[in-house]
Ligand code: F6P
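Here you get one chain, nothing else, as structure tokens; it is the form predicted alone.
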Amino acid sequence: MKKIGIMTTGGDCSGLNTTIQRILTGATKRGWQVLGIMDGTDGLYVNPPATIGLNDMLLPIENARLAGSFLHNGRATALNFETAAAQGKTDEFNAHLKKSLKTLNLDALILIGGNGSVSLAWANRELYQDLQLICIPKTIDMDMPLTENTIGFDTAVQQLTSFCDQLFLTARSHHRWFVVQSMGRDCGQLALHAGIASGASAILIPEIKFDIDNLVSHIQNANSDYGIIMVSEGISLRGHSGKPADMISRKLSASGILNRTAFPEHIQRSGDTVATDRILATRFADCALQAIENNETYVITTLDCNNVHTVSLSEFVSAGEQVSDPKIPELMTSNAYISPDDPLLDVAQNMGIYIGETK
């Protein structure tokens, strides 16, 4: 009988609980023992490790749609990879994690995380040398290479789109524009998808340079006196500081365009998991369990041309653009961004949406 562990790390998103529940279902069918590691790697630092036996827990399938993580994603006050690096305790932290994993005596560990968590796992792969390490990609940013989608992205797009749908009503009532700031870090996928879905008049993303005067002119010449201007949190405006939405709002106001800013913030990480995310979570869970059966290790599940399979973590890391993590400078994370050839950019332009100076 195999003994496997599950942990969720990094930022939360909708779809994590679906993934946990599906892994548990598939593992139980195989007669495996399943341990949930609480608070990600934070739970491995405490003594004894913070775990919970999932086989005897009731994880109703109707609750699997809920956002967040049954296992939690970490504590801000705990010693983790980030705080250990800041305090010069990386060696001590890693040694404790390795000891905890040995104590748990796992055959395999399924890590559900974003590009930071997966890049960290690969950078510290010696910690997992005595077990099979299988990663599953999740993030609302959809900035991970070698996969066409990540768990949580579709629900985040729906949440942000629904937020904008409601704003349109008050925008119309008051002949007003709303500058909506999306999450996404340095990747504009969330802003681009939700912007198109909601019918935004302009979408500003980090991957495409924009001219603020052209944006203003576009809004002034619009066939409407209200609407949505979608702004990704990763954009910058030369000579200005502050939140991107505030910067754009000030420029619009200076040109006589009535507007307000709106910050959906963490509702983008919440919401009942949409069907496509549930299906992806189920497919990734099944793929991860098959990888364990096939004695794979140091791999990550991926969606490619609607096929789900695993690729090596070394391939995952080398395939993305290497960027220094702002909180752990010595860590290089593997990132993916919107390609200039992304067909959604052409769609946006064909719909008359201002997306910057693409040509």
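Note that this is a predicted model, so its numbers are computed, not measured. Don't overthink the numbering: it's just position in the shown sequence, from 1.
The following text describes the form predicted in complex with 6-O-phosphono-beta-D-fructofuranose, which does not appear among the structures shown.
Mapping the unseen interface onto this chain, Met183 counts among the residues with a heavy atom inside 4.5 Å of 6-O-phosphono-beta-D-fructofuranose in the predicted bound form. In the predicted bound form, Glu82 stays away from 6-O-phosphono-beta-D-fructofuranose, with no heavy atom inside 4.5 Å. At the 4.5 Å threshold, heavy atoms of His174 stay clear of 6-O-phosphono-beta-D-fructofuranose in the predicted bound form, well away from it. In the predicted bound form, 6-O-phosphono-beta-D-fructofuranose stays beyond 4.5 Å of every heavy atom belonging to Lys102. A heavy atom within 4.5 Å of 6-O-phosphono-beta-D-fructofuranose in the predicted bound form is found for one listed residue only; from Lys209, Lys89, His240, His266, this is His266.
The contact with 6-O-phosphono-beta-D-fructofuranose in the predicted bound form, taken as any heavy atom within 4.5 Å, belongs to Glu233 out of Asp107, Glu233, Asp286, Asp246. Segments offered: 118-126, 184-192, 150-158, 90-98. Contacting 6-O-phosphono-beta-D-fructofuranose in the predicted bound form at heavy atom distances within 4.5 Å is 184-192. In sequence order, Ile140, Asp141 are the residues of 140-155 having a heavy atom within 4.5 Å of 6-O-phosphono-beta-D-fructofuranose in the predicted bound form; the partner itself is omitted from this view.
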